[in-house]
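What follows is one chain in structure tokens, specifically the form predicted on its own.
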Amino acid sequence: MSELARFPENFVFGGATAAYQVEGATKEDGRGPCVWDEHMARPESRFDGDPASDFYHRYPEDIKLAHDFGVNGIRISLSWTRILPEGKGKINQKGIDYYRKLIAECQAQNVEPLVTLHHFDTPLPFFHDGHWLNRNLIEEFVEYARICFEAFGQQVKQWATFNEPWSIAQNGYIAGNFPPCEHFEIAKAIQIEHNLMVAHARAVNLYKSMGLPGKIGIVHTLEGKVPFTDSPADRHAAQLDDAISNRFMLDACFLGRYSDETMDLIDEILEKNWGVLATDPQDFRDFREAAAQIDFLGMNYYSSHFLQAYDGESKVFNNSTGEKGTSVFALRGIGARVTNPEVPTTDWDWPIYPEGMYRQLKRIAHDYPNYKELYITENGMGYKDELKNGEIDDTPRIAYVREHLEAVLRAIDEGVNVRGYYIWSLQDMLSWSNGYNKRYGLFYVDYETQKRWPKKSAYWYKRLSETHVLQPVPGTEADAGEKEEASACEAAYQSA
């Protein structure tokens, strides 16, 4: 691939957000409680959802920043309980009005919104009634989706049903760092994945039946799974982890069924964890109908895992503070995720492995050739950014993003239809299990004053969006010819 290889002219250079992580205002204008409000209110919680990045009040400023720095797309999510305070029943008109104004502001600034219906924030009453293990929640979600489609369907051009169903299942029921904080309930996690895929399919089918002008898809986190060695045991461990993390849900979305090979792996995991999968024949009719109509796949990619065969009891330790080298993740019946000494990691022990992104893009195109469009809907690096004299030097983040965009370009060059990239995140925001010290944004947020500062990465991303050509990492030899122009750009913005 040439160093001057260009992204397509209509490529989206976006930024991603999520309602609970940026909005704040959790008790304003009729919003009801979601599961995360209760979770953050525990005595042992180190942080909470207010004011977050105060996006509820400051969205015009953030959308203007996006426009000024060449960010032409934004992922937003709708807070279910801002629209339906109890999760169902009476609609909160103030919530409808807020999102109408937000969507209109995005479009007025030429920052096209991709709107996600559910980004982890299940209404609290439904969480207490079994969460996604209770199949009644499927129809409650579809009714909520109908209300959103009717309210915003003529405005919104792109919808996603769910953000990261695997994270809901894994983090809540295996790793235990999302509510309900259960550990090693692997069979529950698989059942939740299935129920979420049914809810997704029914929402897609509803949207298509309404004749609305936009497109609809789903956002999956697609973690690479790499055997640590070439031994048959390690290869099988990688296949098992891939099945529960990726393949099971991708099959539902794009095959409209679970393939025999996928179910062999899932059944093996269930048998080793004393579980069964409950399904209904209608589920698979819904799968088939939705698989024929889904418009795009959003792929969140942060890291790959290196898998080693493992026969012991499940054990997990979540590195939620950035103390490098403390993570542990080993599951009975699946395998152990281990550190590859040849692959660098972030402070939170996430392997930096752009090759995994490339492989997943190629894998989608090969295994699910009926996909229509792909978007990288989240990718970025958590970093302990420091504000010094009004400037933030986050060069390591630029290097991370550049390496992953190289992987995207490589896949595009080989025929994969990738239509956009949304950096996580647009601005600094609340991290679900890491609080406020783990920063991802293009724009630094001082959480005490809520003032924003563009980081070095924001200026780099602006130049990328303007040229559609990957820019060198600042400070490298290749950067020498760009440095004067970039400095002039930054000086002009700071003085404005």
Ligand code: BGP
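The structure presented is a predicted model; accordingly, all values stated were derived computationally and were not measured. All residue numbers are counted from 1 along the displayed sequence.
If you look for the form predicted together with the ligand, you will not find it shown, but the lines that follow are about it.
Chemist: Using heavy atoms and a 4.5 Å limit, would one call Tyr444 a contact residue for the ligand in the predicted complex?
Modeler: Answer no; every heavy atom of Tyr444 is more than 4.5 Å from the ligand in the predicted complex.
Chemist: Test of understanding: in the predicted complex, would Ser431 fall inside 4.5 Å of the ligand by heavy atoms?
Modeler: Yes.
Chemist: So, in the predicted complex, is Trp350 in contact with the ligand at a 4.5 angstroms heavy atom limit?
Modeler: Result yes; Trp350 sits at the interface with the ligand in the predicted complex.
Chemist: Arg452 near the ligand in the predicted complex, any heavy atom under 4.5 Å?
Modeler: Taking the distances in the predicted complex, the answer for Arg452 is no, it never comes within 4.5 Å of the ligand.
Chemist: Partner absent here, but in the predicted complex, which of 101-109, 115-123, 363-371, 239-247 has residues with a heavy atom within 4.5 Å of the ligand?
Modeler: The contacting stretch here is 115-123.
Chemist: Exactly one of Ser303, Ser167, Asn273, Asn195 has a non-hydrogen atom within 4.5 Å of the ligand in the predicted complex; which residue is it?
Modeler: Here the answer is residue option Ser167.
Chemist: What is the one choice in Lys438, His39, Lys462, Arg31 with a heavy atom within 4.5 Å of the ligand in the predicted complex?
Modeler: It is Lys438 that has a heavy atom within 4.5 Å of the partner.
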